[in-house]
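Taking the form predicted alone, here's one chain by itself in structure tokens.
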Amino acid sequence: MRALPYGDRAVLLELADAEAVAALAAALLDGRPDGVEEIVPAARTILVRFDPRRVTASHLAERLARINLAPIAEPARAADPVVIPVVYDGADLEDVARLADLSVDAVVQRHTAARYRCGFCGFAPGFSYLIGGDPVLRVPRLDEPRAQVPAGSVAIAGEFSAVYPVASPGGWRLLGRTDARMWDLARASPALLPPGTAVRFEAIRAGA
């Protein structure tokens, strides 16, 4: 891990991978260092915003750089994950099966058997990058993104799974669709899957 200055009110932490980011972000949220105001995880970094009246950038960077990641490499999983029901009829399901050298049924089985955790959010409100998927299903993005991906599309790209919260352009490979609402301003917490949330997918039949 490297701790780098990021302006006069933040420190940027660079880590090895999304799993390390998720683990450290959870640890920092559980025991927020004095003076820290906001923790923003991403794919390989965590932005730590602080109050300069309470802590200096150099002191905070030194403290963060000394954190031993080994004890938090496997953060505790939530006992009750959010279950996302999915109709697995996506436009790219057969291509994913071909790329992974699996049958379509095996792709669905592996995608539903994995236990995910939201590492971070981005791209659009409610778009949660889910880590912890089966390594066999790590397939590349589309060579040419689609101009329009329907809201509720369940997709994979590289090490991540996600659900598109709204209709938008996108280059991820589509496995299926869900009626679960990823973003709802009527909820106390609009994002269904904020960082740290445990998630699993469940296969259902169309119309169920």
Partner chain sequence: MIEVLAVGAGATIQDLGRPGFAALGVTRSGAFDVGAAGLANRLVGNSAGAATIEIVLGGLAIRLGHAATVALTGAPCVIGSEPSGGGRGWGAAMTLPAGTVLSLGQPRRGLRSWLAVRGGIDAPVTLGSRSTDTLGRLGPEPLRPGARLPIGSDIDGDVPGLDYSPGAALTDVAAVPVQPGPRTDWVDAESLRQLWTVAWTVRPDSDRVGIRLDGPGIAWARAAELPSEGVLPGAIQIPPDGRPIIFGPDAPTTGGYPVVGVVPAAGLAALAQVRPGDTVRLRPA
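Numbering follows the first chain given and starts at 1. All values derive from a computational prediction rather than experimental measurement. In this text, rigid core is short for the largest set of C-alphas that superpose within 1.5 Å between two forms.
Beyond what is shown, the protein has a form predicted in complex with its partner chain; the following relates to that form.
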Should Ala97 be classed as touching its partner chain in the predicted complex when contacts are defined as heavy atoms within 4.5 Å? no
Does any heavy atom of Ala198 come within 4.5 Å of a heavy atom of its partner chain in the predicted complex? no
Are any of the heavy atoms in Ala203 no more than 4.5 Å from a heavy atom of its partner chain in the predicted complex? no
4.5 angstroms heavy atom contact with its partner chain in the predicted complex for Ala124: yes
So which of Asp51, Glu62, Glu38, Asp179 reaches within 4.5 angstroms of its partner chain in the predicted complex, heavy atom to heavy atom? Glu38
If the cut-off is 4.5 angstroms on heavy atoms, which of these, Ala151, Ile67, Leu47, Ala27, is the one near its partner chain in the predicted complex? Leu47
For 173-204: residues with a non-hydrogen atom within 4.5 angstroms of its partner chain in the predicted complex? Trp183, Leu185, Pro190, Ala191, Pro194, Pro195
After core superposition, I'd like to know whether Arg200 moves between the shown form and the other one (criterion: C-alpha shift of 2 angstroms or more). no
After superposition on the rigid core, does the Cα atom of Val40 shift by at least 2 Å between the shown form and the other one? yes
I want to check Leu29: does it shift between the shown form and the other one by 2 Å or more at the Cα, with the core superposed? yes
